[in-house]
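Below, in structure tokens: the form predicted alone, a single chain.
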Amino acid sequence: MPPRRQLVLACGALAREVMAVLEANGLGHVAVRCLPASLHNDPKAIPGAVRAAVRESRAAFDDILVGYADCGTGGQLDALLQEEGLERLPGAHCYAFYAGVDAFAARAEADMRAFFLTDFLARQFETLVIEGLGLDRHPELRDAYFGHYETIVYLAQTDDAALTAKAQDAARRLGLAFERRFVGLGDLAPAIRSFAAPAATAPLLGAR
């Protein structure tokens, strides 16, 4: 019997990490398709984009894992996935599944005034935050967007000094305190390995 054709249909912000999990676990049979990370600027557009991509991919794949959390869709993505009979990544957003959904929830009150960065957001801070929110043109908007935050919490997927420096600079530019937590891939790796049923040929990357 031929192997099942499997696809992870992911947010573009997860592309590196999804590929790292597949490579580390010998899951070369799993394909990856990414939708633009910029969809997060308008979360209500995510379900429609996912629906279109799922329907385009159905004929070519036996199994599809949607590589999104709820991501601000207010349950609309889950409603779509129920219609399509598909699963997604755990949690409300990538910060939760990177930190571990249970661990993130346990810190919710302490982190109430935290603005989170991931490796992707540390790399793309200038484009997605400074330029995306217009702070390069209107720095006076800083308080409107970030006045209720106290700390940037960098949830690091990799132990990368250059990315840590970028995250520290992001905190400085926004006038916020800085904290780094190395969380690795959290719940992302087991979710992908569970989807890609064949046994991994390497230890699970990011396992706890």
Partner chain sequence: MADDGDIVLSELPDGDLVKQMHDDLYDGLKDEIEEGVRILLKRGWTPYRTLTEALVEGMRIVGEDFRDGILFVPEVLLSANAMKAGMAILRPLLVETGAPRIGKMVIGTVKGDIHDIGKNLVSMMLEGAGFEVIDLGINNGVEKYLAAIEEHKPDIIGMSALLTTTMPYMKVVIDTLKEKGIRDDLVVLVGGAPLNEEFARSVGADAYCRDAAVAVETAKEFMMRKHNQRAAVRA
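Fair warning: this is a prediction, and the values are worked out from it, not measured in the lab. Positions refer to the first chain, counted from 1.
One more form of this protein should be noted, the form predicted together with its partner chain, which is absent from this view; the next part is about it.
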Checklist entry - Is there a non-hydrogen atom of residue 85 within 4.5 angstroms of a non-hydrogen atom of its partner chain in the predicted complex? => result no
Next on the checklist: Whether residue 110 contacts its partner chain in the predicted complex should be assessed with a 4.5 Å heavy atom distance threshold; does it?
Outcome noted: no
Next on the checklist: Is residue 145 part of the interface with its partner chain in the predicted complex - any heavy atom within 4.5 Å?
Outcome noted: yes
Checklist entry - Would residue 44 sit within 4.5 Å of its partner chain in the predicted complex, counting heavy atoms only? => result yes
Item to check | Heavy atom distance at most 4.5 Å to its partner chain in the predicted complex, all of 9, 31 and 118 | outcome: no
Checklist outcome for this item: Of 140, 62, 159, 56, the only residue with a heavy atom within 4.5 Å of its partner chain in the predicted complex is 140
Item to check | Interface segment, criterion being heavy atoms within 4.5 Å of its partner chain in the predicted complex, picked from 166-174, 45-53, 146-154, 23-31 | outcome: 146-154
Checklist entry - Though the partner is not shown here, which residues of 72-95 have a heavy atom within 4.5 Å of its partner chain in the predicted complex? => result 72, 73, 74, 76, 92
